[in-house]
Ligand code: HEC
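Let's start with one chain on its own, the form predicted on its own, as structure tokens.
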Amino acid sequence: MFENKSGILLIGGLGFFLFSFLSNGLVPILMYRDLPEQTAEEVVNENILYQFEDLSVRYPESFQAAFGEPTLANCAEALRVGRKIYIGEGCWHCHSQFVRPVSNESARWGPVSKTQEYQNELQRPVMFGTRRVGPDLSREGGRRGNDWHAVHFFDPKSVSTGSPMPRYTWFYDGAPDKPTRRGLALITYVQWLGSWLESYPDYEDYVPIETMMENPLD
């Protein structure tokens, strides 16, 4: 095997695969093995509570029927429901939730993701995503108001020209100002993503990868 080039390349490839597995898989596990996994209640912060309370003011009848009062416990429940909907509707196919430490990532999406951000029940499994037809959402929380998200889910093209995202009219009782429990929960979940940062990231709106390739950042 070691007497020909293909054998050497095979051994080298297996060696690099093992090294990458150890460095990217086992090392983080060992580093954060003593970091307890947080519950949904424990990751509710002031930023997401503000957004949750804002939903109760903007859509009082819908919110009252869905969650009652904007308490911490109800916010945690909305986050759990919203994540299930996000997964069930296949949102993760087009949207990742991981800002990678490579060129231009932080310029497009915000601060590079850190391991401790994923140590909670709302990140099991982690929504790394399969591709980026749409923007990464790990820093989405607080960038736009609840009204924008309500209209966006109801009719994406009305606020994002040319968007390939489908309409989610079944999250509403007929109009974007009448979100159901599912609609309110999904908005809450999206507004939670990145809400744990000290301040909301200041970066440009989503730029298609084709444009980035034509006009790369320095």
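Residue numbers here begin at 1 and follow the sequence given. It should be emphasised that the depicted structure is a prediction, and the values quoted were computed from it without experimental measurement.
Absent from the display: the form predicted together with this ligand. The rest refers to it.
Of the candidate stretches 98-106, 68-76, 130-138, 113-121, only 130-138 contains residues with a heavy atom within 4.5 Å of this ligand in the model of the complex.
Out of the listed residues Q64, S163, T39, N45, S163 is the one that sits within 4.5 Å of this ligand in the model of the complex by at least one heavy atom. Mapping the unseen interface onto this chain, Y168 counts among the residues with a heavy atom inside 4.5 Å of this ligand in the model of the complex. With a 4.5 Å cutoff on heavy atoms, P176 does not count as touching this ligand in the model of the complex; it lies far away. Residue contact with this ligand in the model of the complex: C91 places a heavy atom within 4.5 Å of it.
For F153, a non-hydrogen atom is located within 4.5 Å of this ligand in the model of the complex, even though that partner is not displayed. The putative spot formed by Y86, R144 and L186 is fully lined by this ligand in the model of the complex; each residue has a non-hydrogen atom within 4.5 angstroms of it.
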